[in-house]
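Read the single chain below, which is given as structure tokens and is the form predicted alone.
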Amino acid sequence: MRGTEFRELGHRVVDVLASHLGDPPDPVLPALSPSAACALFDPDFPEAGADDVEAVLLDAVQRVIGAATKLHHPGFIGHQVATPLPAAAICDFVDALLNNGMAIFEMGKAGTAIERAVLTWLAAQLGLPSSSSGVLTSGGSLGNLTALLAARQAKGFDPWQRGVRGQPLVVFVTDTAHYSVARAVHILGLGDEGCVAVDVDERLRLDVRALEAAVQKALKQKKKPIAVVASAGSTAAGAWDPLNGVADVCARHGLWFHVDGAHGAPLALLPERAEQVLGLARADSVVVDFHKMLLMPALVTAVLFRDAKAGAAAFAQQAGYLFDDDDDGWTDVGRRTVECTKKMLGFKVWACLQAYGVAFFRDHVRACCDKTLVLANLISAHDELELLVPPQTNILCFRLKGRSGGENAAVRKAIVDDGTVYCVQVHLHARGLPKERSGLWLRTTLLNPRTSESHLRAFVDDVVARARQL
């Protein structure tokens, strides 16, 4: 494709996307079954290229927009996926065309320097020391795995030469933590017994006293505790674990303290939340997703380590065709991440921080939390609805009071099928959670700048009205 053709096609695609942004049509969630979706994107590819490449590509764009969930629709209050800044999407476009892999500095000079700048800024926001470092990676699941690899290396044993064997290692986490934590523990080879569930309190936060008891029990069983994973905004309910209390237990027993702040850690940008986020600064590792509360297209996740050397040690191996022995510990990114040919993940973050300023993102995080409080008050004012817990972040769970899980699910399905709102549901069953608080809850995540108080009022009224029709 020549430069003029590329320019013309680019303009036309941007026009299509701009129309989509201007007024995303209903429904927010397309009514497509798996078979119907597959029919739109069949695998019957032609042997020869099309005569009109531009027309085929524009058709492909229109098809994918039509089948996509409309995240810019004000009724999108479902999953923890950002309504992305269009400017950030432009940066992804530039990244894709440049295609500079980042395993080594020689190949990804701009991306490596940008990544270091973004991580330095983020570490300062979380209160971590200036000596901390880390890596950007593709999602919180890979971020949690990266952090726990470092924990096993620092507190357990070196698996590179000896493999996974010896004294059983233990990681402590609540049942309400993101499923990627338990998955990471199993990938590390620690098995079911290596992932010990800790009770939660009445607000679904990790119970510090139960944690201390669990550590003592593991020691009596001749196991070796190595780490505790706390949530700064759990995926299930937005619960914020008592980070300082957890840090105290970790310090007392010499355990690695990991905070899964994939969703909630950006609250550190808010001065009024200083007390809530205080324990972040005591973590050995923290995961933060920019593609949730910070408006970035997926995926871009920061994994920060208090001790930069501990983070790099998890991947201490030789690859002579890539790495120089005299690398200073940060210039060759491939030394400290699972990924090799990694995208220039930090570019969109760095460029948007430069363009919009930190205050823009701070205001957005605050607005997300404020709107969640508005929704909580609307729900509390209805005799027919109940909150799971007061919101601790911008995630809120509620349900129809006195109704079964099936009835709550039916109301949600009716609303989603109607297409004006996309909310989700969560099944909660956790150690320490009373039986009457377990079961199915409706769940919202307020990340969308276009969702207003009037949309939230209409949503609550719709939930109640549909419940009355059951």
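Keep in mind that what you see is a predicted model, and the values were worked out from it rather than measured. Residue indices: 1-based, along the sequence shown.
One more form of this protein should be noted, the form predicted in complex with a small molecule, which is absent from this view; the next part is about it.
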Any chance all of Asp241, Asn244 and Arg282 sit within 4.5 Å of the small molecule in the predicted complex, going by non-hydrogen atoms? no
Within 4.5 angstroms, counting heavy atoms, which one of the listed stretches 353-361, 174-182, 146-154, 272-280 is next to the small molecule in the predicted complex? 174-182
Note: exactly one of Gly140, Pro225, Gly111, Gly311 sits with a heavy atom within 4.5 Å of the small molecule in the predicted complex, namely Gly140
Heavy atom within 4.5 Å of the small molecule in the predicted complex, from candidates Lys371, Arg205, His291, Arg336, belongs to His291
Although the small molecule is absent from this view, report whether His263 comes within 4.5 Å of it in the predicted complex, heavy atoms only. yes
Is it the case that Thr393, even though its partner is missing from this view, gets within 4.5 Å of the small molecule in the predicted complex, heavy atoms only? no
Please determine whether Thr235 contacts the small molecule in the predicted complex, using a 4.5 Å cut-off between heavy atoms. yes
Answer with yes or no whether Thr331 is in contact with the small molecule in the predicted complex, where contact means some heavy atom within 4.5 Å. no
